[in-house]
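Two forms of the same protein chain are encoded below as structure tokens; each is given separately, as structure 1 and structure 2.
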Structure 1
Amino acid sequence: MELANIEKLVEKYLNAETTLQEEKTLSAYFASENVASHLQEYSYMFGYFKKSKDETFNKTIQLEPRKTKRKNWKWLQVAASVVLLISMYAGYGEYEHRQQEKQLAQVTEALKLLSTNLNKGNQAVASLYTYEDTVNKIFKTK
């Protein structure tokens, strides 16, 4: 390809007016050994473009998403909160239960105290009856 032609193409290239075919021509020219020195910068550009196209994606593509760690964390969070709720509920129930037992014990103790004191009173009253009986025996009312 003549230099004049290349220069024309380069001008068109800068204005983005070249066709793909023309760009291929340019690429081929700038890949060759004898590039005109005043067009040297284009050989860097085309050299880079060419090399960039060689880069490939080498990993295998998976179509089904793996279970990501983030997802697991989410589940763990949900599970943890559920466990926390349940344990709070159970713990609160247990607490209530104990509180009730304590109260029951207190009430029973109080009642016991009351009953023993009542019994004491009863005995005192009983001894009063005996007194009355004796008095009645002695005086034999009617």
Structure 2
Amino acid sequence: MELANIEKLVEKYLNAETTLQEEKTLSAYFASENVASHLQEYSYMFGYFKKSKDETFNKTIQLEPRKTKRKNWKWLQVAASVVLLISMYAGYGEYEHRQQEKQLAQVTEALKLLSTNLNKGNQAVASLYTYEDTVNKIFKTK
């Protein structure tokens, strides 16, 4: 195999652009005895790939049977749901209470403003009564 072609294939392999046939060509080249010195590091890599392909795992894996603790989780889920609903109900009650307090404060403020304006009107009417009394004294009508 031509060395320039192998270098191009190695470059393609490192960029993950090779086909399966090209990878077999590289594997065969690096398995041979006549590997260029500057490409020697890749022969170790391809040798490792070939060796690891033949490895198998022979031990048996002991799996423990699963214990049924799901019932406890279901009760916990139900309890959490109940607590969530109660807290939402209590929070909504508190929200309503605060809204009512705000509305009461707004109504109180509006009534104070109305009272202030009515008192100003009463003072104006009182000055009119004074004026009317003075007019009546001057003209001596009733």
Partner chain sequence: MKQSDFLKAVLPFKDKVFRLAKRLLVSTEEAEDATQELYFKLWKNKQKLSEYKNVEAFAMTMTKNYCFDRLKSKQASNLTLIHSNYKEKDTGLDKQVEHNDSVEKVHKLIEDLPEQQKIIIQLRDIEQYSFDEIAKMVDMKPTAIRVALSRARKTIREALIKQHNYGVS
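Start at 1 and count along the sequence of structure 1; that gives the residue numbers used here. All of these numbers come straight from a predicted model, not from anything done at the bench. Rigid core: the largest C-alpha set superposing within 1.5 Å between the two forms.
For the form predicted in complex with its partner chain, the corresponding chain is the one labelled structure 1. A displacement of less than 2 angstroms separates the C-alpha positions of Gln123 between the two structures, with the rigid core held in common. With the core held fixed, Tyr89 shows a CA shift below 2 Å between the two structures. In the core-superposed comparison between the two structures, the C-alpha atom of Ala80 has shifted by less than 2 angstroms. Look at Ala28: with the core superposed, its C-alpha moves 54.8 Å between the two structures.
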